[in-house]
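First, one chain by itself: the form predicted on its own, in structure tokens.
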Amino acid sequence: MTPLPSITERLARNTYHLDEDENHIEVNQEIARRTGTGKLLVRICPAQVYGEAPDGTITVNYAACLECGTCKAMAAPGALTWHYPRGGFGIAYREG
């Protein structure tokens, strides 16, 4: 029996149609810092979209977003602006 590919291997099969004109994720740095949401986003995102710069600023690699909404559900009010990408953009799942 052939072993199933790892989740990392399965996710690598997906493609992302990047919308250069519109970022669908924005972090309010002040609210994120004050509420601890920034560090939470770095820890909970399954796609590792969020990172923390040496100065404490939360970085966003929105091209890696799986559009699962975990960050939107967990962020403090006002700390995150998140919406689905415009039609034709975003992730294209190639497997399950």
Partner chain sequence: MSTDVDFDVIVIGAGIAGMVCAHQLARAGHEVVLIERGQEPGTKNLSGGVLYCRVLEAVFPGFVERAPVERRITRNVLSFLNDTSHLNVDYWDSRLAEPVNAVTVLRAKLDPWMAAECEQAGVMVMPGVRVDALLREGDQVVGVRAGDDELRAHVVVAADGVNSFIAQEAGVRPKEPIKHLAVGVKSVIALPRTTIEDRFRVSGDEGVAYAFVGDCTQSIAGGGFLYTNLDSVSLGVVLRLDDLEAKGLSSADVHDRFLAHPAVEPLIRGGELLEYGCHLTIEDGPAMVAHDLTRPGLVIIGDAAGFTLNTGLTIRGMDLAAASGMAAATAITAALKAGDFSDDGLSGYRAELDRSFVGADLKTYAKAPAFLENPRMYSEYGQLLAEVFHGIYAHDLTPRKHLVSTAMAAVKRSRLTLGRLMLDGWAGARAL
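Superpose the two forms; the largest set of C-alphas matching within 1.5 Å is the rigid core. Residue numbers count along the first chain shown, from 1. These numbers were taken from a predicted model, which means no experiment stands behind them.
What comes next is about the form predicted together with the partner chain, which is not displayed.
*Asks:* Can Met74 be called a contact residue for the partner chain in the predicted bound form at 4.5 Å between heavy atoms?
*Replies:* Output for Met74 is yes: heavy atoms within 4.5 Å of the partner chain.
*Asks:* Would Leu11 show up as a contact with the partner chain in the predicted bound form if we use heavy atoms at 4.5 Å?
*Replies:* Yes, Leu11 is a contact residue.
*Asks:* Answer for Val60 alone: is it within 4.5 Å of the partner chain in the predicted bound form, judged on heavy atom distances?
*Replies:* Contact with the partner chain, no.
*Asks:* How about Leu66: is it within 4.5 Å of the partner chain in the predicted bound form, going by heavy atoms?
*Replies:* Looking in the predicted bound form, residue contacts with the partner chain include Leu66, since a heavy atom lies within 4.5 Å.
*Asks:* Heavy atom within 4.5 Å of the partner chain in the predicted bound form: which residues of 43 to 62 qualify?
*Replies:* If the 4.5 Å heavy-atom criterion is applied to the partner chain in the predicted bound form, 43 to 62 yields Arg43, Ile44, Cys45, Pro46, Gln48.
*Asks:* Could you tell me whether the Cα atom of Ala12 shifts by at least 2 Å between the shown form and the other one after core superposition?
*Replies:* Comparing forms between the shown form and the other one, the Ala12 CA shifts at least 2 Å.
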